[in-house]
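Take a look at this single chain in structure tokens; it is the form predicted alone.
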């Protein structure tokens, strides 16, 4: 058998083995592949980075599901790390009934990580003072409109049942006037309502973190300024992780960058197989003609 025939007849089990190895390799051997940060991700990062510490809050709406967590969960964690590192207070809410469990996991894990690495008390994050999670509320549109008048009327207690008036952060937040930006991390078309109601009626700046299949619908909203930035899928999350590492807000890359490394390795391997297949086909055709 000639060498070019061997190329075109590689055992599929070898291909599957190589695919498996290239998927798991980045999970055990850390390395970095250069990130090309998209403009909409940079725009969202720059907006959050420009918020004066301890002034207005970031309203983070966590409305994704377990099925979309691999794309959306790293977005939430990266945003929380960015805000906490800059001492920008965060208020979390959810309007998707599957959101609270994932939101609590993201918030508690980041608070724990920050506090474990904090050198001084000023570097630590205190729940109730630096961050509050208000939980889930039904009637999304009505709640969004009512929050423009009074957040405590919509959420009289937080997720844990603590009265709002006993949380120092919530004493400084009455309505959207105290919100620098509302960022909706969602796996459904929830950003539409944030644009229609809080932004159109109350002038709230809105950002988004969306799954890759949803993102194309919202690029026009970024171009018109109705969205002040957006993360698109796992790549957008990896880009935001790259930015917070680059600017010194954290030392460790997140799970999205690791996932993108696996995808990039797989794409490279597929390209190599395509090239080899074409080389083998080209020379085999020449051999037949001769």
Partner chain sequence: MNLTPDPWIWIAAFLTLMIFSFLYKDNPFYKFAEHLFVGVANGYYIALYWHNTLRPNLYDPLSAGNFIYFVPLLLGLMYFTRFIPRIGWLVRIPIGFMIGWGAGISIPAYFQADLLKQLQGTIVTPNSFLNPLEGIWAVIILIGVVCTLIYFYFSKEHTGILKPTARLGIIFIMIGFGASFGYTVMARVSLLIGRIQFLLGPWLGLIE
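Positions refer to the first chain, counted from 1. Note that the structure is predicted; figures quoted are calculated from it, not measured.
The form predicted in complex with its partner chain exists for this protein as well; it is not shown, and the discussion that follows is about that form.
In the predicted bound form, at least one heavy atom of residue 67 sits within 4.5 Å of its partner chain.
In the predicted bound form, no heavy atom of residue 180 sits within 4.5 Å of its partner chain. When contacts are judged by a 4.5 Å heavy atom cut-off, residue 164 does not count as touching its partner chain in the predicted bound form. The closest heavy atom approach of residue 168 to its partner chain in the predicted bound form falls outside 4.5 Å. From the list 243-251, 56-64, 43-51, 24-32, the contact stretch for its partner chain in the predicted bound form under a 4.5 Å heavy atom rule is 24-32. Looking at 191-226, the residues that come within 4.5 Å of its partner chain in the predicted bound form, counting any heavy atom, are 212, 213, 215, 216, 223.
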